[in-house]
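In the form predicted alone, a lone chain appears below as structure tokens.
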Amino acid sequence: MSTPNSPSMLQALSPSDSGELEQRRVLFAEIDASCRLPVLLLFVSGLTWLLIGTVLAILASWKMHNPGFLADWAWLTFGRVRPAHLNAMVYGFASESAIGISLWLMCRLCRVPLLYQWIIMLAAVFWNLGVLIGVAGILAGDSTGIEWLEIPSYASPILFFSYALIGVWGIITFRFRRQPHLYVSQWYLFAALFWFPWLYSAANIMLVLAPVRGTVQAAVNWWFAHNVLGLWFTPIGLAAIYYFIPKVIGRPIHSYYLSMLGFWSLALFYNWNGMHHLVGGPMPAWLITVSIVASVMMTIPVVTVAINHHLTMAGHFRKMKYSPTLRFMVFGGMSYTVASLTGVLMALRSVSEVTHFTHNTIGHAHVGMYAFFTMVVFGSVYYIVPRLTRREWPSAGLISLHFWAAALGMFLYITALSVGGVFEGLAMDNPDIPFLDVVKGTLPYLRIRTGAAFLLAIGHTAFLINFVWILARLWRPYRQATPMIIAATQPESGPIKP
């Protein structure tokens, strides 16, 4: 079904007059040039935090089956390394990459160059300062002890201030847009830009600055932890998928109405999720039940999005062989479906009795945070950076190594923790099995987890080499832009070769 939602409609809407088409090409080139410094700064910063988070992840994973490793270093104990890893990845890598992708997408979809670049540059500097102070504070022992909000209270205001600048920029860009249509990708981007400050400020106020009491803290904590993935990272990930798949394959999204249903059902049901993680806890029964019902209702947006993406891709899956962006996007889109449907299953009381307090929960979180969102980030970067630098990616081999190392590493990681977590939960429910034996039974799965972490590190290293290499081509002896990327300032409709 043809719809104005798809950016690939640009080609269909382009006039036959070559002069007007040339104006569009010039506009895209101007937009990319205006985004170059801010977006590259965010991507470089995000990649730096990705590498830091990867090192911390390997240390934390290794300590799970070898707790004596670096035990004499207080700042490298598991209780500090693990939350430092989580916050470096969530607020350092994932959030900065999400902001960078949102900047570029918003400018492209609004058909305006990046306005007031200094706002974004200032926001990026303060954001990195906040993350640096926060992660250092966690390693120094100042963690709040609140999952996903371990960053000390003296660092959180810095993050909020920098995000306020980004929010102002989003409003300004929308105000001066030249494109009257609001694309589906813009719905998700605007929603994410407004939802995150609400989530982050409310959770910090109720848990850190003026803490609520008793079991309400647990309810607020899981409300934030669940929604920061579902109402911050998920909308940006879906916005990217809705934009890049049509761009690469050269056809519009299958159904505008399915897109609408998927967006509004996500907005309606997801914010009620989270409480199902407290099944069996001292919480009001109605609160848990409402959360379970909302979790089950999430099958509506998930199945809707999956159908829309699949029917859009129908007949074009072979293009994944040539397009790194399409490869990562399809993997991420499929992982979104898996993460959401398994989340629905885990919300049921009978299933939660087994999986709760086990490694299965950690495995499930990585399906959403890495297999879905992070893979979408990688695919977006592979598409955006050549248009910012007007250079080809230097090595197709490194792109393939990155994809397969990340895909295989995540498959091993999720499988080990998911299967091991089920056995762990069944063993804990058996009163005849001592708890120490339950812990020992998880060791083989934890060792597989560490092996998977090394595979992910290989993929990240390949990504780093390629990224630094393409940036090096901005200086001598690689001054001249390649014809393919210059042509990519036109309405892109075909697969992009590595």
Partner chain sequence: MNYGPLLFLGVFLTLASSWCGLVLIPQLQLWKSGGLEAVKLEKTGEFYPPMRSGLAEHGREVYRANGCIYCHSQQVRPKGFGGDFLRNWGQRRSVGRDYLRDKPVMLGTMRTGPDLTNISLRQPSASWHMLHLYNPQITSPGSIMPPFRFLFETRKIRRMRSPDALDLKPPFAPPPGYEVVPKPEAQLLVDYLLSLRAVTPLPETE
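Computed from a predicted structure; not experimentally measured. Numbering follows the first chain given and starts at 1.
Missing here is the form predicted in complex with its partner chain; even so, the following discussion is about that form.
Looking at its partner chain in the predicted complex, is some heavy atom of each of Leu115, Phe160 and Gly451 within 4.5 Å of it?
Contact check failed for every one of Leu115, Phe160 and Gly451.
Name the stretch: of 241-249, 127-135, 406-414, 202-210, exactly one has residues whose heavy atoms fall within 4.5 Å of its partner chain in the predicted complex.
Stretch with heavy atoms near the partner: 202-210.
Is the gap between Leu436 and its partner chain in the predicted complex 4.5 Å or less for some heavy atom pair?
Leu436 belongs to the contact set for its partner chain.
Answer for Gly141 alone: is it within 4.5 Å of its partner chain in the predicted complex, judged on heavy atom distances?
Although its partner chain is absent here, Gly141 would touch it in the predicted complex, with heavy atoms inside 4.5 Å.
When the contact criterion is heavy atoms within 4.5 Å, does Ser340 count as touching its partner chain in the predicted complex?
Heavy-atom contact with its partner chain at 4.5 Å: absent for Ser340.
Using a 4.5 Å heavy atom cut-off, state whether Leu443 contacts its partner chain in the predicted complex.
Leu443: contacts its partner chain in the predicted complex.
Quick one: of Leu311, Leu268, Val422, Ile172, which gets a non-hydrogen atom within 4.5 angstroms of its partner chain in the predicted complex?
Residue within 4.5 Å of the partner: Leu268.
Report the residue, out of Thr299, Ser400, Ser153, Thr215, that has at least one non-hydrogen atom within 4.5 angstroms of its partner chain in the predicted complex.
The residue from Thr299, Ser400, Ser153, Thr215 that makes the contact is Thr215.
Along 34-73, which positions have a non-hydrogen atom within 4.5 Å of its partner chain in the predicted complex?
Residues within 4.5 Å: Met64, Pro67, Gly68, Ala71, Asp72, Trp73.
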